[in-house]
Every structure is written in structure tokens, then in C-alpha cells.
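There is one chain below, alone, in C-alpha cells, taken in the form predicted alone.
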């Protein structure tokens, strides 16, 4: 337990948020234990994602028109975004809160904060690369590729909003898109280029971070399930797990989509639903782009990772399960061909889809902060599609909150409070 300023910290969750928290806690000289329900180097949402670091993504998932589009897409089983209907009270409440949060005012309020978080995380990824943490970080920007004039017009409007926020963006014609990345044959009307965006290999990043944490004295307890908490008034004394109790001075829950379940017995309300997504990684692609991209109408991310090419997409909001929906995979493959005509269905044959569950909050913003009623518990969860992008800065902010320091980005404690749905 604590001696002087040296804390014993337990981090629940070994994904990018938990690893980043452990890294920055070790920088402060704390004793750190990371526990996770999966095996070492197992599969979580931080492994098979699209590996993008995106200052360009300053609009939360809960935005005007999103709910209506999801309802319209219910008729299309191959659609990129859907909500799996349920009559459970928790889902009905989540859906109502999502609808109420999907306003222009909420987007305008969230945009500067998401910009600051993503830019800060980008800087930390660059620092990590300079310090020897391997991630395959590539700073070549992101292309938003549009297949229709209507979508291009929408992206042009967003690019102006981006520039107004100080995030550079350049509108490109189809010929200019081809000139920017001549390695790939494209069939597009045009696009928008965001030079500040980056991409990396998430599996390489996770392995390197885990190794660095172990080198600095952190320990990992894999295949360890939280079954309860030992508490004393307003403090948590220990975690109860399938391998026994783990005592500590401070606890951080970074359990992704499972975070709500983890804290439920502490009377903490943390609304989360699973946003199921898939990726297909082609080991020897017929063409290999040098710049990562998003196929805008199809909502598919395309990321070069060394000699491989990863296609990631779809968002099915519902209860957590890893059941693969073949129709969603078909939809992804069909959509790729509309933008990248040299890719045919046979190029995806024999490739096993990866499935991940992104933790989605009702307002599309993460929970980062201390839940009411507990002095030594901090939550960092609910990042939806931006867990990888926001991982490092979330870890840094979380350790600042645990320490009682002012956060390096103002407004986090209020805007991202885990207590915002406590009532």
C-alpha cells in the first residue's frame, strides 16, 4: 500500500486505454498492476481496429441525422450502421438519451474538446515513437474519399468546420486524389485530405507498450475476472477476482464495453452499449495505398499496415456478443469495389473477419473521471471508434485525475464526467 507518494494502482482492462494509463502511472513511480479477462496478447477491441489517429474526427457519434439514418438502414441488412432493436429498459433509455444528445449544439460544444484530445494524443504517439515504443506510426494524413457529388458536398462543409477549428483540411478533385496516392486505382468524385491524421499498426503498438510496461516494473494478471469489490464507506479496499483479492490504493476501470457491468455493484450508472465492428486484413493486397482513407458513403476505413492492408467498418449497436453477421462482411466487400475497382471478392477469400465491440455512450463522448461516492476509483471508458486515437491522452488525463492534479486539457472533468447520467 501507499508509502509517501508511491501509490499502488490497479488498472482493470489491458486494451489501449488501460495500457496507456499504466504507462503514465509508471512514469509517476507508482506500483502498477494491470488485470484483464483475456489471455496475454489476446483479442480485444484494441487489436484488430483500423489503427487511425484522427484529429479530423471532431464530431461525436451522437450527431443530427444519425438516428434517422440508422432507422432507414434497418431495411438493408448489409448497411454500415444499424441499431439492433431491443425492448430492454436499458437499451430504450440509451436510445432516448442518444436521440436527445444528437443536436447541433452538442456537436458544437464537443468539437473543440475532441479536437484537443486527438491532437494531444497525436503528439504523445510521436513522443512514444521517438522513445522507442514501436507502433509503425505513419504521418501521411488521411483521405476522405467520396463516391458521389452529394457526399463530396457534405465533406466540403465539414472541411471548412475543420479549418475553423484549426485542423488543416484540403479539398481535392479526383485527379488530385490520384496524384496524392498513385499506388492505388480509385473511382471517386473527389475527397478531402487531412494532413494531421496518422495511422499505425495496433497489434504492434499493444505488444510494444506491454513490453515497455513490464520493463518499467508493471505486472500483468491475465485471464483474471472481476467478481466483486471489497469496500469501506467511500473507499474501495480490494478487487475480488477469480484468483483472489487484489488490494490497492487506487483503482482505474478501463474495461471497454464491460465497464458498466464491472461497476454496477458499486451503484454506479454508466450507460454503455456495444458497437460491433469488423475488419478484414489482406496479407498480400493487389494494390497497397500509402495513405490511409475512409470510404465515406460506405463508412469503411482502409489502412496500410506494413505489407498488409486492413479494411474496417460497420457499427451495429446492441448487446455485446462476438457473433459475426455474414451480411455485414458482404456489404463491406461490395463497397470496397465501388471505390477501389481492382479489388474483387476473390481477394478476400479465406480471410477470417475480426470482430470487436466498441463501447458507445449515449452522447458519443467517453467517460473520464471519478464516479460520485468513491474516493479512489476512476473510470476511463466509452471511446466508441476513437479508443486507439484517444488512448495516450486518456491515459495521461486519467493519471492526472488519480493524482488530484489539474488536467492538461481543460474541461475534461466536467464534460466527460462519468456522473453525467447518474440521475
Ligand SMILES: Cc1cc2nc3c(=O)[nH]c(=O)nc-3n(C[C@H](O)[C@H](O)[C@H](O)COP(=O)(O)OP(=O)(O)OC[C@H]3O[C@@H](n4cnc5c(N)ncnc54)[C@H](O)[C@@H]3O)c2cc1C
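What you see is a predicted model, and the numbers here were worked out from it, not measured in a lab. Numbering follows the first chain given and starts at 1.
This protein has a second form, the form predicted together with the named molecule, left out of what is shown; the following refers to that one.
The closest non-hydrogen atom of residue 277 lies within 4.5 Å of the named molecule in the predicted bound form. In the predicted bound form, the named molecule lies farther than 4.5 Å from every heavy atom of residue 374. Within 4.5 Å of some heavy atom of the named molecule in the predicted bound form lies at least one heavy atom of residue 36. Although the partner is absent here, residue 22 lies well away from the named molecule in the predicted bound form, with no heavy atom inside 4.5 Å. Comment: 384-392 is the region of 364-372, 25-33, 384-392, 61-69 lying near the named molecule in the predicted bound form, near meaning a non-hydrogen atom within 4.5 Å. Contact with the named molecule in the predicted bound form, defined as a heavy atom within 4.5 Å, holds for exactly one of 317, 298, 226, 186, namely 226.
Not one of 140, 289 and 343 places a heavy atom within 4.5 Å of the named molecule in the predicted bound form.
Contacts of stretch 52-69 with the named molecule in the predicted bound form, defined by any heavy atom lying within 4.5 Å, are made by 52 alone.
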